[in-house]
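In the form predicted alone, a lone chain appears below as structure tokens.
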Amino acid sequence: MIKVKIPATSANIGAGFDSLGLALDLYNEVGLELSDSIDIASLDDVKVPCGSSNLIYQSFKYIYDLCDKPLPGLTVRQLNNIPMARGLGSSSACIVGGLVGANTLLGEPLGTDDLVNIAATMEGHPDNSTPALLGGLVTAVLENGKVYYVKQEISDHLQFVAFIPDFELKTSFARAALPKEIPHKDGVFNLSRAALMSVSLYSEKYENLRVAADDRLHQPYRLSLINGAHEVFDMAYKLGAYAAYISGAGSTLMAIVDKKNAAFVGETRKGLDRLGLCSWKLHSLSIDNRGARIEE
């Protein structure tokens, strides 16, 4: 059995809607082995589909079908450290795990760019799937089935503090909250800030991040879906965060913080309790610049 390790991802990073994402050191692990039947099980208490509707199985089978190889069955063992429907790329992790595993067992007939294109097409956008595959900070555009992307390796001077609520927020529901049209000035506002976010993270111009994380395309409409979000943002900035934003579609909120700010996590934990958000979880994470890989 081979084991694929896939990082969590945090997409949008404020203004980079459907185009910016980064990989973090929180991992799902997927064990895969060819067999005569479909045998899927979770190695923790997370319930997963155990038949052909399982996303890992579907993406694995996609590669076998693409390469015209028969797939009688598959044994899948999932370790699900990335919380589901929380804006941390759990679905992309499943897709990438299946794609990388299948490509490995077939002797790697497909290149990295092939997998990047397939993953983004299956997911519908490249902001989670591409950093899950490649690691680092990724700026990406999906056009006619092809992903045009740039990967940048980010310094480990930063910590990414995830505020994870005790409720799911389905991407479909979060997208339904968005307006069908936006004013031209809001488009210009976001374009400038998305560009600033990418180059500032890469060049370590962290003083730019608060402005770069501002957004008019999705966060104003989604913040009301996350009870306590405004208060968490205010708290994060008061405690020295460079930036705060909704991770992906939510419900997770993310703060970008200097690793030297050792008191941040402890103080925000106290702050969450004072706000009555005692059930929220906190994870202090670092950038993962490697992406998905096969573990021995």
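Predicted model, so just to flag it, every value in this text is computed and none were measured. Start at 1 with the first residue shown and count on from there.
We do not show the form predicted in complex with a small molecule, though everything after this point is about it.
### Option touching the small molecule, based on a heavy atom within 4.5 Å in the model of the complex, out of V232, A249, L26, A243
Looking at the other structure, the residue within range turns out to be A249.
### R210, K151, H125, R216 - the one with a heavy atom within 4.5 Å of the small molecule in the model of the complex
By the 4.5 Å criterion, the partner-contacting residue is H125.
#### Entry: 4.5 angstroms heavy atom contact with the small molecule in the model of the complex for T171
Output for T171 is yes: heavy atoms within 4.5 Å of the small molecule.
### Message
Given that the small molecule is not shown alongside this chain, does R222 nevertheless sit within 4.5 Å of it in the model of the complex, heavy atom to heavy atom?
### Response
Within the cut-off, so yes.
### Message
How about R175 - does it come within 4.5 Å of the small molecule in the model of the complex, if we only consider non-hydrogen atoms?
### Response
Contact with the small molecule, yes.
### Message
Although the partner isn't part of this model, could you tell me whether A15 comes within 4.5 Å of the small molecule in the model of the complex, counting any heavy atom of the residue?
### Response
Residue-level check for A15: no, no contact with the small molecule.
### Query
Heavy atoms within 4.5 Å of the small molecule in the model of the complex: which stretch among 125-133, 138-146, 185-193, 112-120?
So the stretch in question is 125-133.
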